[in-house]
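Encoded as structure tokens, the following chain is the form predicted on its own, with no partner shown.
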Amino acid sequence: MVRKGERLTGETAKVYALRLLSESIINMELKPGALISENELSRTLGVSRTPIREAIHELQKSRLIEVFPQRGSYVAPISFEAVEEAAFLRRTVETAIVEELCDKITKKQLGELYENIALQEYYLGNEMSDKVMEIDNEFHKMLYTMCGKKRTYDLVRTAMGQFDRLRALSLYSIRDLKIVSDHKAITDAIAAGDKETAGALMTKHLMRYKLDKEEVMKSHPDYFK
């Protein structure tokens, strides 16, 4: 079920519906096979069916929703093909991001990254998985912003739906998560201006889903094709 959320300033009805619907799928509130009802979403979110339909179309393109003529729209299972493509894109871009940051990051920005990492440690230690995901996303967004690549971040985010679903499942399935230690090591390498290490660590970080894959599939077999 999609919960009604606060509509952000300047957010169109389509973007509002798209944001809440994608968040509900990624955060596992809507499971694979769940029917997406335009009428129900329209009533819940307080918008007409047109922006709902447009949001569903966008999520169909990102492979989070499957649309079957005469049958309806349903939450799609996780496709590892889509995960692999998204992971490749993110690895390629974010490796370059951290390497560039080695030359330009400021002390103030480094402090902000370490503050974020401290929050990650707190939420992870208190088993607040939803907050870990939120702060993890914020950490990566900060890297793009500090590098002057905010528009690049927006472009990459549009392709991350399937990858983010796997990340969310990992937070609930993997006991020995390496998120915080990875982020700290990456930030340490940036602080030291060590491009080679920073890039290698980011690549390793964004490849961890391969190590988590078997355990996640065992814990949530209904989420996969």
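Throughout, we count residues from 1 along the sequence that is shown. The shown structure was predicted, so the numbers you read here are calculated from the model rather than taken from an experiment. Only the largest set of C-alpha atoms that superpose within 1.5 Å between the two forms is called the rigid core.
The protein also exists as the form predicted together with a further copy of the same chain; that form is not presented, and the subsequent description refers to it.
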Choose one stretch from 127-135, 147-155, 101-109, 114-122: the one whose residues place a heavy atom within 4.5 angstroms of a further copy of the same chain in the predicted complex. 147-155
Which of 31, 178, 43, 61 has a heavy atom within 4.5 Å of a further copy of the same chain in the predicted complex? 61
Examine residue 78 and determine whether its closest non-hydrogen atom to a further copy of the same chain in the predicted complex is within 4.5 angstroms. no
Would you classify residue 97 as touching a further copy of the same chain in the predicted complex, given a 4.5 Å non-hydrogen atom cut-off? yes
Answer for residue 93 alone: is it within 4.5 Å of a further copy of the same chain in the predicted complex, judged on heavy atom distances? yes
Applying a 4.5 Å heavy atom distance criterion, does residue 82 contact a further copy of the same chain in the predicted complex? yes
Contacts with a further copy of the same chain in the predicted complex, stretch 24-59 (heavy atom within 4.5 Å): 53, 54, 57, 58
Core superposed first: is there a CA shift of 2 Å or greater at residue 194 between this form and the one not shown? no
Do you see a C-alpha shift of 2 Å or more at residue 63 between this form and the one not shown, with the core held fixed? yes
Can a Cα shift of no less than 2 Å be assigned to residue 203 between this form and the one not shown, given superposition on the rigid core? no
Closer or farther: C-alpha pair residue 151/residue 61 in the predicted complex, relative to this form, given a change of 3 Å or more: closer
